[in-house]
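Encoded as structure tokens, the following chain is the form predicted on its own, with no partner shown.
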Amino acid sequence: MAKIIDGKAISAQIRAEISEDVIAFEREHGFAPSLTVIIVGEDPASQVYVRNKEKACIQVGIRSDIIRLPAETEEAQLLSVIEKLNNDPDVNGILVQLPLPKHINEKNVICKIDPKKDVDAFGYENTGRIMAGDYDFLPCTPAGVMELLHRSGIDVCGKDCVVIGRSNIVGKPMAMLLMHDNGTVTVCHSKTADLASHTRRADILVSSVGKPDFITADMIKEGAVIIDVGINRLENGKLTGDVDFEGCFEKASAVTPVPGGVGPMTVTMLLKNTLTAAKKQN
């Protein structure tokens, strides 16, 4: 029977540590670290994410500012706003909430953010530094996964690790971080032949597919650690992950639930990145 990796409890522990560090930073510098979030348009899910980030900042004492722009905002206008924030010494972290309206090129926007303030770590400079293993910031979801593993006493070194998904936000950096921890990593994706042959030998399996119950018990190894990054909303409104939780629970050694697993860690790592940015800039 699997141990449930409690993302809520681990997240709360890390946030308490961040809160203490923020108090010490403010005592030393006379101001709190600050995060500015830009949201373009009225996407309902994005609005929820931004509110959650604002609440989390308040919880740990980080100053949070939100810039709301209409959906018809031109790319040049958005880039101009980012440029002003890049040059503002009172702004430590900049985050542009994705997705953006279709007429705006996300790559141009992400790469416009000063790498020292790129607390999502999506810009190409920070991406390259992660590849090299010489980084200040990590993308929040993969960083959260690594914290869950470390704080649950799960050693990655020498383990067969399988990552399903190759996105720039989760899959690719996830593979890099597992490799930096001396895991032997296989990245699977939509074109992988015989996916189950890979997943069945994984000591640590990370799924970021976005399909409910995609990973079933017959696809995992006895005693595997299962990290479920997927967040899917069913027709009845219930949130579920990529993993058939009940089916895999008896076979795995540890598993993250959805909700309450990886999700809480993502915003927590954003707070940690913002504090790191403030320290580096001061």
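Every value quoted in this text rests on a predicted model; they were computed, and no experiment measured them. Counting begins at 1, following the sequence as shown.
FYI, the form predicted together with a small molecule isn't displayed, but the following is about it.
For the chain shown here without its partner, which stretch in 33-41, 225-233, 243-251, 58-66 has non-hydrogen atoms within 4.5 angstroms of the small molecule in the predicted bound form?
Partner-contacting stretch among the options: 225-233.
Can you pick out, from Lys159, Arg166, His180, Lys116, the residue that has a heavy atom within 4.5 Å of the small molecule in the predicted bound form?
Contact residue from the list: Arg166.
query = Since exactly one of Leu149, Val209, Leu138, Ile82 fits, which has a heavy atom within 4.5 Å of the small molecule in the predicted bound form?
reply = Of the listed residues, the single hit is Val209.
Practice item. Using a 4.5 Å heavy atom cut-off, state whether Leu270 contacts the small molecule in the predicted bound form. Key: Contact with the small molecule, no.
| message | Quick check on His189: any heavy atom within 4.5 Å of the small molecule in the predicted bound form? | response | His189: yes, in contact with the small molecule in the predicted bound form.
* Asked: Is Ser11 a contact residue for the small molecule in the predicted bound form, using a 4.5 Å heavy atom cut-off?
  -> Result no; Ser11 lies far from the small molecule in the predicted bound form.
Original post:
Is Leu98 a contact residue for the small molecule in the predicted bound form, using a 4.5 Å heavy atom cut-off?
Top reply: No, Leu98 stays farther than 4.5 Å from the small molecule in the predicted bound form.
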